[in-house]
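Taking the form predicted on its own, here's one chain by itself in structure tokens.
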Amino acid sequence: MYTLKINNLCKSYGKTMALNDFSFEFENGIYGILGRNGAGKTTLFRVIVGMLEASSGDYQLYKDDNKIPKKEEGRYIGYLPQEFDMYRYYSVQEMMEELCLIRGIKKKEIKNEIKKLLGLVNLVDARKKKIGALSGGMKRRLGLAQAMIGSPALLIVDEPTAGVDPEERVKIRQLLSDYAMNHIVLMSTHIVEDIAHICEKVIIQEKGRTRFKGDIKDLINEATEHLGEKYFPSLKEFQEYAKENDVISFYRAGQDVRAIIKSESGKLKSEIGLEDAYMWSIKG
């Protein structure tokens, strides 16, 4: 069992507080982190992996109940940054071999390690391709493969399905879900559907502060108490309404438009999803 304990973590840039008093305890499982651009998600990740130094607060990684020394934490952490790239003239195989050596994989185990990881992200047939010749989605999958070298205890993935086609997105969801059974996975994404499918817990960041942290079902229940709905027979009528009223989200419902709105009565005829609850959280 691995545990990551974060206590009152802050990161500021001059007078701007990019991360403000973040605390949470992560155990084996997968956690979704949501927030608009500039909410502090990437800052949090960069502090944990050692790319940024915290202004205050601390964090500690544990194996069972034993602290992992700070100087050793790096080999327990895998990271897929929001923007991932490598030398464009390396082949996929060459890049993975280089990174396996850096991560301390024994030479006799490198071949099998690469074969296993490229198989997981469906890139075995692309192993001889140059990095510069890969599509955006293929680079994203390669980035995920390199983050998983050595089966790190803590896997941090920033926008893991960005630019990936729907079929591969489903595969990546399943891969991360399976991996989280015995590891900690922190996943940030703008694709709320990804988190809704594979996470039980979510953290919502807004302007550096934590707006919500806990079970997704609790967030939805809380939002349900403050939301209502209106139906419009045409898109035009809805658009006229939206000009003068605050709308949380809207959907096509057959020929009608269903609008989710703020409501003190909290009367909803149909259930809402994580995306509705998330939008209520950051707007409300």
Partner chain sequence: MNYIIKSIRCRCKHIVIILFFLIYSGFILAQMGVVRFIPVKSEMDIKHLEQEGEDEYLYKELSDKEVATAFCEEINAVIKQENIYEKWKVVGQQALEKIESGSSVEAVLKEYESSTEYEWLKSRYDLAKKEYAKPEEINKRIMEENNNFGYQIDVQNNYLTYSQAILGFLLIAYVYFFMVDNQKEDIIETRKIVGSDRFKYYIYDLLVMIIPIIVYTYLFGVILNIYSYVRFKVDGFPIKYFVTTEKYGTVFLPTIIAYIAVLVLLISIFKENFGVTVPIYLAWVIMNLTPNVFKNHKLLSKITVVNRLDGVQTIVDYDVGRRVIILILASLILVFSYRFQYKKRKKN
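Please read these numbers as outputs of a predicted model, since none were measured by experiment. Positions refer to the first chain, counted from 1.
Below, we turn to the form predicted in complex with the partner chain, even though it does not appear here.
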Just one of 227 to 235, 214 to 222, 51 to 59, 31 to 39 has residues with a heavy atom within 4.5 Å of the partner chain in the predicted bound form, so point it out. 51 to 59
Is G208 part of the interface with the partner chain in the predicted bound form - any heavy atom within 4.5 Å? no
Distance check, I204 to the partner chain in the predicted bound form, heavy atom within 4.5 Å: no
Is there a heavy atom of S188 lying 4.5 Å or less from a heavy atom of the partner chain in the predicted bound form? no
Could you tell me if L101 has a non-hydrogen atom within 4.5 Å of the partner chain in the predicted bound form? yes
Since the partner isn't included here, can you check whether the partner chain sits close to all of R46, Y90 and Q146 in the predicted bound form (heavy atom within 4.5 Å for each)? yes
Pick from E113, E159, E97, E168: which residue has any heavy atom within 4.5 angstroms of the partner chain in the predicted bound form? E97
Within 4.5 Å of the partner chain in the predicted bound form, heavy atoms considered, which of A126, I198, V121, M86? M86
